[in-house]
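We begin with a single chain expressed as structure tokens, specifically the form predicted alone.
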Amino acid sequence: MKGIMTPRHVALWIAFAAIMLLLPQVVSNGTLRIIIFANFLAIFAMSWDFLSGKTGYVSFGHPFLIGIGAYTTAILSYRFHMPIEYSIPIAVLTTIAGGTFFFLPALRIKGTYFALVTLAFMELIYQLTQVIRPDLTGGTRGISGVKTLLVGAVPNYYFSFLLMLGIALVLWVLARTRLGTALDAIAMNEEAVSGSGLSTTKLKLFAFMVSAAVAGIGGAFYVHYLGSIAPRALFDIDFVFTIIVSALIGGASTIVGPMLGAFFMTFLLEYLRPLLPGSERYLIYGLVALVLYVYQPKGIYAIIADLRDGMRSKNANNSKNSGKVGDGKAA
């Protein structure tokens, strides 16, 4: 663990947590509600990143996994009155099992074909939720009146942030292990990884199951925050676009980057809402994301790293110059 979590890393995570935990003291409840959505978007973006960002297998069907978790707990808790402490774990396990059943064959194909298959799965579950047992799924209207865990902006903010923080730490540590390194290698050259004696199928399956578990957790808790679920909102191309763009402009394959991207995209959308209340705002934020991505393909995470390195270099040069001036005066 020594090489994974250094004292500097610990200090940065603690500072981030401290700032976020103090936010309810200085911002309005309206802003907190925006941040709650950013927290959940960060969970979804990190989930996508651990599979697609790490391995290079780009998925357009991530709401398929989120939807399994959300619908499972909604149906169990609302239709069958199952306690949430049981329905949520079952929802996560169902997401892993159901997602693996559908996606495992798709992991044997690559590139555009994999992306199209995952998009087809999302469309499939969108149609199924409307036509199969609408008495359970609510059909096109979805389900409303789902039990919520907490009431009020502040409690929900703290809960969603701690959930997001816990998931981020677990994924960040996993990404820095040998398994994470092997997944990065798959994205660069899968044939070379296979030739080294490692099972790429097992590695991809591991990445998928972790990604599915996080998506299931996020989807389950998200529906219990909203108190409702509707297929049109969940299985929407804009939702897929938002998840992927958040991960890419934040910095794919970094875990921290998708968190940054999720907050950036959420607040950008909210600030555009008064100006463009319709779907036109997605065009604007798409253009903003494109410009940012062209400027720095590795995302906001890389921009911050470049600024940090620049400041360190500047401080180092100033120290050297100060030393030379001091030596001259001493002479």
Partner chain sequence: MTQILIQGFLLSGLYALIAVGFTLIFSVGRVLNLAYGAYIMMGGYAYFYAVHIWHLPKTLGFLSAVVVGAIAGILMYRLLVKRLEGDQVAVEISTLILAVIIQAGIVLLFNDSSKILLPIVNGVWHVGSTTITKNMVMAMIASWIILGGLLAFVKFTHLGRAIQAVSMDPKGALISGIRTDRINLTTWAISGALGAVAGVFFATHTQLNPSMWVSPLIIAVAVVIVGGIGSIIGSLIVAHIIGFMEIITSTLIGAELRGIFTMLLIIIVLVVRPQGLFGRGDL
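Just so we're clear, the structure is a prediction, and the values are computed from it rather than from any experiment. Throughout, rigid core stands for the largest set of C-alpha atoms superposing within 1.5 Å between the two forms. Positions refer to the first chain, counted from 1.
Not on display, but discussed next: the form predicted together with the partner chain.
Three-residue candidate spot Phe16, Gly30 and Asp306; no residue lies within 4.5 angstroms of the partner chain in the model of the complex by any non-hydrogen atom.
The closest non-hydrogen atom of Phe37 lies beyond 4.5 Å of the partner chain in the model of the complex.
Though the partner is left out of this view, His81 does not reach within 4.5 Å of the partner chain in the model of the complex, counting heavy atoms only.
A residue is said to contact a partner when one of its heavy atoms sits within 4.5 Å of a partner heavy atom; Phe161 fails this definition for the partner chain in the model of the complex, lying far away. In the model of the complex, at least one heavy atom of Leu248 sits within 4.5 Å of the partner chain.
For the options Val154, Leu165, Val117, Leu149, the residue carrying a heavy atom within 4.5 angstroms of the partner chain in the model of the complex is Val117.
Listed residues Leu136, Leu124, Ile90, Leu169 were compared with the partner chain in the model of the complex; Leu124 is the one with a heavy atom within 4.5 Å. Look at 38-46, 65-73, 286-294, 266-274: in the model of the complex, residues with non-hydrogen atoms within 4.5 angstroms of the partner chain sit in 286-294. In the core-superposed comparison between the shown form and the other one, Pro297 has its Cα shifted by at least 2 Å.
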